[in-house]
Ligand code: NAD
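Just the one chain here, the form predicted on its own, laid out as structure tokens.
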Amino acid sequence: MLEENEDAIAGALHADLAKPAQEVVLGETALLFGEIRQARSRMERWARPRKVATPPVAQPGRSFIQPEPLGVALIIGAWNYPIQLVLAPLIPAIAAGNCAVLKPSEITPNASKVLAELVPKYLDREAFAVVEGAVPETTALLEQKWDHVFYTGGAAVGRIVMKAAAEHLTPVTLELGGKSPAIIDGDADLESAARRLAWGKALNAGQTCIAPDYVLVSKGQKAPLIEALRKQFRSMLGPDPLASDDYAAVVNEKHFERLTALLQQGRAVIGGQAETATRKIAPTVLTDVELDSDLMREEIFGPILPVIEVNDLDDAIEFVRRGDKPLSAYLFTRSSASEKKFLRDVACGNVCINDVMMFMSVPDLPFGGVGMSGMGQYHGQAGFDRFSHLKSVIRRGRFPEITIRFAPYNAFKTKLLKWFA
């Protein structure tokens, strides 16, 4: 489906988000191909019984874990990567043997339409379906009894999904978001950090749940970092990012207005331009931001990057720990001691050292949030297990029969039981 309809998928994403063709590959299809290849090569191994040790008290016997499909899953996708975020959970759902109903986001209608047209052509219609629509359709879907609900999106709707699932005691996976920090340590390579931060913030116009949301920079490095970011944005998108074909648009007017309001909550030292007709906002770096502003309390989800100066790594870590646990966190450093401290002290869903977002390219790395940034992980075997019930099995031998567990009880049997325990 993905190979034979590359142009139709790219066209739908360009119509919805002005997504450049290379970003369709980078953020949508390349990740899916990696997940598909891995699932096809390993699903038989994942599905095998997994032997576990059997203690003496249960001998003779053999204990193992048998994965089995959960049943029928509801997968609700998000609009920022409207193909990938619907199909990526579907891959482990299929590998684990489930049926699924897919609900694409109505905010990207062209991507929703292309999925609704293509999925029935390639997948068994008795096992997989696409339901289009908005709030009424999603509400009706959530009223049904599912074996698993997988939701990607914001925390507000995540609460609604979880509440609806609770009516049927349905397990959920919530892939949410949050304010993913990037910390620039005192010894960081600023040129490399700036290049990778600029790419992560400009990709899909910053509409990525794991995009760097704000930067904490050690004292003395703020001005050099800003100049390095200016150079990198210009190198990638030219002198006028709003005119670049390599730069996506904000998804709709509502989000465009929200983001342009956030532009006023700091001093723009890079960018700041916005064009209503195309819904494009130049990659913008803000300084002098108020820490209690909407800009610093809510996930930005757009091409705006606040830069805040802190004393050192300890101050940066304390800053992050004051907020909710983020979906992702990034550290730029040359110090192994700083890396160890960061990994020990910062609780988050995913970490990238000296880059941003690249854990997504490794299918064996489970992806998911913690706390307010989500619950449950997928990708690779973690996804297979997420869509499986790991059934515990023990097969007992009939002989010899150890009788100490049976009545009548006596002191000798009690002593033996304690010894076994």
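Sequential numbering from 1, following the sequence displayed. Every value quoted in this text rests on a predicted model; they were computed, and no experiment measured them.
Same protein, other form: the form predicted in complex with nicotinamide-adenine-dinucleotide (NAD), not shown, and the subject of what follows.
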(message) Heavy atoms within 4.5 Å of nicotinamide-adenine-dinucleotide (NAD) in the model of the complex: which stretch in 305-313, 341-349, 97-105, 191-199 meets that?
(response) 97-105
(request) Name the single residue among 151, 332, 233, 247 that comes within 4.5 Å of nicotinamide-adenine-dinucleotide (NAD) in the model of the complex, judging by heavy atoms. (result) 151
(request) Select from the listed residues 139, 264, 336, 276 the one whose heavy atoms reach within 4.5 Å of nicotinamide-adenine-dinucleotide (NAD) in the model of the complex. (result) 139
(message) Contact check in the model of the complex: 76, 80 and 178 versus nicotinamide-adenine-dinucleotide (NAD), with a cutoff of 4.5 Å between any heavy atoms. Do all three pass?
(response) yes
(message) At 4.5 Å between heavy atoms, is residue 209 in contact with nicotinamide-adenine-dinucleotide (NAD) in the model of the complex?
(response) yes
(request) With heavy atoms only and a cut-off of 4.5 Å, decide whether residue 171 touches nicotinamide-adenine-dinucleotide (NAD) in the model of the complex. (result) no
(message) Is residue 299 near nicotinamide-adenine-dinucleotide (NAD)? Define near as a heavy atom within 4.5 Å, in the model of the complex.
(response) yes
(message) Can you tell me whether residue 109 touches nicotinamide-adenine-dinucleotide (NAD)? I mean in the model of the complex, with a 4.5 angstroms heavy atom cut-off.
(response) no
